[in-house]
Structure formats: C-alpha cells, structure tokens
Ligand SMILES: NC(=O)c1ccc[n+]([C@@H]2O[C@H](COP(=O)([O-])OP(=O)(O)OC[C@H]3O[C@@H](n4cnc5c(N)ncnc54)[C@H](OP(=O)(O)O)[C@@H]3O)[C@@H](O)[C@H]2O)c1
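Here we start with a single chain on its own, the form predicted on its own, put down as structure tokens.
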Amino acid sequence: MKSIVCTTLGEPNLLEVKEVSLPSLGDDDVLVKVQAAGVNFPDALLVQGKYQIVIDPPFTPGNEVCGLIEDVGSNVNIPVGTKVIGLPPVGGFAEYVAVNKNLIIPVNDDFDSLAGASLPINYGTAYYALKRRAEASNGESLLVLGASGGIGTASIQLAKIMGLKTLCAVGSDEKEDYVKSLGADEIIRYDREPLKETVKELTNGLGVDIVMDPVGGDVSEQALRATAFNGRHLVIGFANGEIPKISLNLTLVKGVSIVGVWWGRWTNTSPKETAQDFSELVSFINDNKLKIVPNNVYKLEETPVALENFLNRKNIGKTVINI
C-alpha cells in the first residue's frame, strides 16, 4: 500500500511516499481502507518534532480518517464493509490504517467521506471547548481568533447551531469572504483595526462572553482585554508560533477564566462523554444542521504541500487528503 512516511524529523518536504506492508491487526483492531484523511496543524508540528508528543521516525502521520472496514481482529464484532470515522494515533496518511475498535464511529453508508474525515479533530475540539469547557449558552457572544482556519470555521458553524453570536477575526479579503460564507455575524479585520477596541464597539462596550483562541501571540492578550465580566478565554493552541505571557491581574479585575482545551487527552479520560459528543455531531450532519465542505482537498502525494500551507498560514477552511 502507499503511505506517507516521515523518515527524518524536519520540514514537511522531507516526507516520502513509500510502498509499505499492510498494518498488522491486534485482537481489538479494525483495518480501515482509507477514503479520506483530515489534515491538521499538529500534523505539521509532529513531523518536525515540535508537538507535545515526539515520535521517533519512521512513522506515518495523520490521525483522522473516514473509510470502510476491510478486516477485523478477533475481539471485534463490527461487520466488514461498515463505513467508519476513525481516530488512529498515527498512520492516517495511507491507503490503509489499523484503528482500535474504541476509536471508530460507524456512520451511514451514504455519509460523505470528506466530511467524515473533517469531523473529529476540528469539530470535536470546537464542540468540546464550547459545550463543556465554556458551557456556552444561547445568546452569548463568541470571538473567534483565526476564524478562517480549521478550528475557526468549525467554531463558527457550531456557534450558529448553539445560538451564539460570532465575531470573527481574520487578516485578508479572501479569509473575510470565506467566513462570511459560513454565516459569521461580524467581521474584525485585525490587519486593519485594533482588536480590543473593535470588539468593545461591536458589543456596546460589554466585551465578548467567550474567546476561541487557536492563535496565541499578541492577539491573545488583546482578546482577553476584550472579554466581558465573567468571560471565558479558551486556549486551543498557538498557530502564531508564540506562547503569550498574560498579566494575571486581568483575570482578577475582569473575573475572566482562562480555560485550557486539550481535546485529545480528554477523549482518553472521558470515553462516554466523547461518544455522546460525537453522536451529537453526527446527528447535526444527518439532520442537515451542519454541512462540512472541506475547502482544501489534496492527493496523497501532495501531503507535504498541505502541511507546508499550515506552517505558512495559507490554509483557509478545512484540509483533507482524498485517497
């Protein structure tokens, strides 16, 4: 089978397309014939050795897929041919991947594979952040930093379902047009206007209830200063490349909570809640409340380009590999 292999930690252009053996199955595993694989910013960090978890080469990156079960281990009673969304720890950028039975979600045969590969990490993270970490309520306001990225666009769409007003921060005309197409309520151009002052103006001086922050850097403190009393600042990641140093007195005088969001670890510690959230996300799609259309679709051989675009902050919307 064809697989993207990281043989040396470094820039994505060092990745190689190789013919490798099919992965071996444990008793609790399923073999998934991958139809599509989601691509995320942590994948670009992983192949450089810059993610929270460092894996020694060789390995195949990619940890969200959608496809068909080709084979099963002895402890698995899911029929061969079942369509599933899978969350392998690694190995997703390949024609086949082995996934533990507890890390798959069966879906209908007609479930769109590109949507399925887009769902777990971006939408799972955004939903967990809004529902469980922020405890968002209908009518609250949400500031989305990096609104045109994968987490940002998922946040906009889920916020609409949850009844939140969205203020979406972007840095170009193209990104502005894209988030408007997703239903953004307000646009903030932080390449043209000050973030804090603009947020205050758009909220009649009150500030926003929730901040979705996958960006980091200088804008994090600006966003924190633009929160309402008892606001929640959700820390998702640091796409800017800089981890901000926040003046903690801001949390005191504003009553603001800075809330860390590590969805991957939470899924391991709270499997029942994770399953409930995924059931709700899948139902949003089946009920036509949520429509996921990836904006960037690459071939397997183009995976290095997809990852480089994350590092260059060129990606707009969700990125998938169509296998």
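Residue positions are given as counts along the sequence shown, with the first one as 1. On a predicted model such as this, the values are computed, not experimentally measured, just so you know.
Below, we refer to the form predicted in complex with the named molecule, which is not included among the displayed structures.
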Legend entry - Heavy atom contact within 4.5 Å of the named molecule in the predicted bound form, the stretch among 135 to 143, 207 to 215, 246 to 254, 71 to 79: 207 to 215
Legend entry - in the predicted bound form, G149 touching the named molecule (heavy atom, 4.5 Å): yes
Legend entry - Contact test in the predicted bound form: G264 vs the named molecule, heavy atoms, 4.5 Å: yes
Inset, instruction - Would you check, heavy atoms only and a 4.5 Å threshold, whether K175 touches the named molecule in the predicted bound form? - result: yes
Inset, instruction - Although the named molecule is absent from this view, report whether P88 comes within 4.5 Å of it in the predicted bound form, heavy atoms only. - result: no
Inset, instruction - Would you mind picking the one in L158, A94, V99, I121 that has a heavy atom within 4.5 Å of the named molecule in the predicted bound form? - result: I121
Inset, instruction - Report the residue, out of G183, P106, P194, G171, that has at least one non-hydrogen atom within 4.5 angstroms of the named molecule in the predicted bound form. - result: G171
Legend entry - Residues within stretch 235 to 257 having a non-hydrogen atom within 4.5 Å of the named molecule in the predicted bound form: I236, G237, F238, A239, N240
